[in-house]
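Only one chain comes next, encoded as structure tokens, the form predicted on its own.
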Amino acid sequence: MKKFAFCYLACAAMLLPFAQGVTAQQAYELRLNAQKVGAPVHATMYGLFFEDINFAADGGLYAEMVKNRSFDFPQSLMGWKTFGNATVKTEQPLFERNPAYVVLAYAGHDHKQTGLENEGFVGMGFKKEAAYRFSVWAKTVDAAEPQKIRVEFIGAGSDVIGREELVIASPDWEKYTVTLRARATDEKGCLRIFLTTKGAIAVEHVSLFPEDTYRGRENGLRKDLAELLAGLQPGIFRFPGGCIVEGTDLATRYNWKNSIGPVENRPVNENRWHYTFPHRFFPDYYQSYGLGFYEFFLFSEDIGAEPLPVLSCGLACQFQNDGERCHVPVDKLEDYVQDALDLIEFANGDAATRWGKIRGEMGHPEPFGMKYIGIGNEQWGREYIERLEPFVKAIRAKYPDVKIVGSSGPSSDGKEFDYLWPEMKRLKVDLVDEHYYKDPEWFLKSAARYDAYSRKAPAVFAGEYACHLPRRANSFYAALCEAAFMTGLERNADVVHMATYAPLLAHVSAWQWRPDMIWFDNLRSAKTPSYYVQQLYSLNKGTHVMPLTLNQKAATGESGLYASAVCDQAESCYIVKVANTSQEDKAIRLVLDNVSKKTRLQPEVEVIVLEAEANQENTLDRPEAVAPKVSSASLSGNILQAAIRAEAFVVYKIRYQ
């Protein structure tokens, strides 16, 4: 691998002048034919795939800081410590689908204490001087007078770093709120609540959010993570998963109808990722549904991405279940099919419809304008086809303009893959979801994967992919191989309409799967090299594919070089992406052929370079160890002469008038 120190990569040295020389035996000639504008690049080409794995929702993107806030985990006090006279109750609940609550009563002695303490998600992250909104549904219990609680932030060293009081005045359930300000920064603090009077109160749905959420919403998203996702300018946002769509069993599949309505009355759901990998076992990992389908649609709208919800097709996870007995019989699918139709109405119906009315009551009277729906995740075999077909028929009959995404199974090839593709064509789905978690060699060999695909429908959705290296979380070399592979996605934009890296988010202390695009703890976040590759493609996707050759052949790996080109008719520029996966610097001669006489090429070329040692990773302590650097180069007429360092990814932007 490369021997030079990373710090040597100053902007001035990013591109070695061709004349000074790369000690290469030959120049590699890239030729772009400016007269042959190719297929449009879909606005959905690069996007996001969200799954609640690695504590990506609760404890991650969803800004709620309290674990098990409604005491309705299977173990009612998981995440909580109680002291004094604290009792879990379920009689006459406030919320039908979250029946548990806690009664705090006088401890029986003036020098004893009653209360609760919540550990958060691997602790609670507090920032000095930041404001936090505490809320609780509460009532007095058999008390003639108002009761008081004291709310405290406790640092990892047991110091009190925030404190306020609340008066619980009514014998009826009411919501109480108070703002606390942290007096110190602490990554792994906790929340403590004392009863400070001699009566009793009942508490339910104990919640704590930073006031500074993404776009300032009360039931909001963690700002830094949401902004990182928005910074990718995604064209598509797929949610809520992944394998959680299926569930280990049907009872624990993701049920979108449970994830809407008042947040206090959304039931807890089991998350299959808490037990899938016993060596990464997290028995406290559940889904509060606080980040539900309404919030997913809203976030899609915020970041300008088309929403792509994925629903259960009536098959529990086929990896974890053997036989039809585990799944919904084909003749009993009516409720599941209706769920899909109801979801489309929730997203697109007007306020006069049943589900459109619910959306309006939640705060969004205008339709979201959903265009895509996925049915099933990584399903395969005859079982899947038999269940997918009634969904396709029902959706086509009622909502013919909504595009349907089907599955090609869990692998990029093989028996099930070969069986499913013809079936997807027969059912006339609009896109087929392909998944590949593979090693670097596969990604490099597969850069030409879609060159020979049929140009007839359905199109491809590269729905889950990432380059995996043993014992490495997110190395630069893995990202470089992804960049090389993505030249093939871009070159075949008439076939590939969507692509999303996966998984998206991972808590450094609570992950089940790696690599992942963004790593975070309770206060910080870090973009991986793969994040930057995705961003460089997304922000430079252009509007149309342009034909590009390398030494008169397809640019798919000669001497380790991979390249693709687009034009952006809105910004008046050509964009060429080149990945040098070899361990040698390469001299590049980029020629723009057949440029119109009316087109004037600008001499200054913007150059964006992503390079590092092969094993280099970004961490929370060194989040910018690998990051793109911008410089410029000079165009001589219609020719750019430069050099690309060994193991580097470069984007050239050539503007014209």
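Values in this document were obtained by computation on a predicted structure and should not be read as measured data. Position 1 is the first residue in the sequence shown; the rest follow in order.
Omitted here: the form predicted in complex with ligand AHR. The next part is about that form.
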Only one of 485-493, 440-448, 125-133, 376-384 sits within 4.5 Å of ligand AHR in the model of the complex by heavy atom distance, namely 376-384
- Is every one of E64, E264 and Y289 within 4.5 Å of ligand AHR in the model of the complex, counting heavy atoms? no
Item to check | 4.5 Å heavy atom contact, W273 and ligand AHR in the model of the complex | outcome: yes
ask   = Quick one: is E434 in contact with ligand AHR in the model of the complex, heavy atoms, 4.5 Å cut-off?
value = no
* To do: State yes or no: in the model of the complex, is some non-hydrogen atom of C243 no more than 4.5 angstroms from a non-hydrogen atom of ligand AHR?
  => yes
(Q) in the model of the complex, is there a heavy atom of ligand AHR that lies within 4.5 Å of any heavy atom of Y336, even though the partner is absent here? (A) no
Picking from P234, P503, G542, G220, the single residue whose non-hydrogen atoms come within 4.5 angstroms of ligand AHR in the model of the complex is P503
The one residue among F296, W513, F368, W137 placing a heavy atom within 4.5 Å of ligand AHR in the model of the complex is W513
When ligand AHR is considered in the model of the complex, the residues of 82-114 having a heavy atom within 4.5 Å of it are none
